[in-house]
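Here we start with a single chain on its own, the form predicted on its own, put down as structure tokens.
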Amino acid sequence: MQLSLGPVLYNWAPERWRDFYFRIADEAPIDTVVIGEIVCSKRSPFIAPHLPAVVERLRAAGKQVMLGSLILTSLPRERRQMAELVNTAEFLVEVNDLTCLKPLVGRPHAIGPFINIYNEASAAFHAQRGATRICLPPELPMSSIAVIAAALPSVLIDIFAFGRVPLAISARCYHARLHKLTKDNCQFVCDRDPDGLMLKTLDGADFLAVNGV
């Protein structure tokens, strides 16, 4: 069994983001690390200057590094960002949105948990097109996971095992709307909640966490 670490989903200060991965490199018994901004493309420029140092530190520690794609690609600049990502042949790309899949067909890549793979037929479809590892959706029961893994012995199967379960992605930014801002002029207010903004039920119990889109 191997341990993999998914990307940071929250809007952390760039130095905090960098230092987190430095600690992962130096202290954590993790085999594979997925890095990159996958939630909101507007946040990517903040971590970009630190990516080379993070990659170098992780690889020096013997970690496999994968680059995660956006969960939702909708704008021209996001499509350009995706194109730049898939052209980074040095690293395995984790596909989190199907728009990222076409240019990777025939090339080794990974499938992230945001792609809906619920049976062995859909898993085989991706494997035939170059997927060498698949992280199954977190809501999938163990019985289904066992069937998929048995049907594809040559594909590495990742199981979402720890952390908040990501339930939805939206073209709207609820963090911005809460502060009466638009998505295009959000002022990056999601950085005020580096562990997510807690939502409560009508009875006042913690329920979900909002993180930008």
Partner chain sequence: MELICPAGTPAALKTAIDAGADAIYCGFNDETNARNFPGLNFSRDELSDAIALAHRRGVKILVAINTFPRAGAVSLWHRAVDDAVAAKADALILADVGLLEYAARCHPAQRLHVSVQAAAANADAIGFYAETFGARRVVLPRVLSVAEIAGIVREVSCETEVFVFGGLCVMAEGRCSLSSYATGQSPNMQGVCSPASHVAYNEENGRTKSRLGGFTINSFEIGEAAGYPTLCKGRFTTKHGTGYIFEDPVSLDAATLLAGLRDAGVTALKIEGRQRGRAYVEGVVRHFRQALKALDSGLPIDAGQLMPFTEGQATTVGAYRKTWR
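Numbering follows the first chain given and starts at 1. Since the model is a prediction, treat every value here as computed from it, not as a measurement.
What comes next is about the form predicted together with the partner chain, which is not displayed.
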Checklist entry - Can you pick the stretch from 26 to 34, 39 to 47, 58 to 66, 161 to 169 whose heavy atoms fall within 4.5 Å of the partner chain in the predicted complex? => result 161 to 169
Checklist entry - According to a 4.5 angstroms non-hydrogen atom cut-off, is F188 in contact with the partner chain in the predicted complex? => result no
Checklist entry - At the 4.5 Å heavy atom threshold, is I148 in contact with the partner chain in the predicted complex? => result yes
Checklist entry - Could you tell me if A127 has a non-hydrogen atom within 4.5 Å of the partner chain in the predicted complex? => result no
Checklist entry - Does at least one non-hydrogen atom of P108 fall within 4.5 angstroms of the partner chain in the predicted complex? => result no
Next on the checklist: With the partner left out here, which residues of 172 to 203 have a non-hydrogen atom within 4.5 Å of the partner chain in the predicted complex?
Outcome noted: R172, C173, Y174, R177, L178, H179, K183, D184, R192, D193, L197, M198, L199, K200, T201, L202, D203
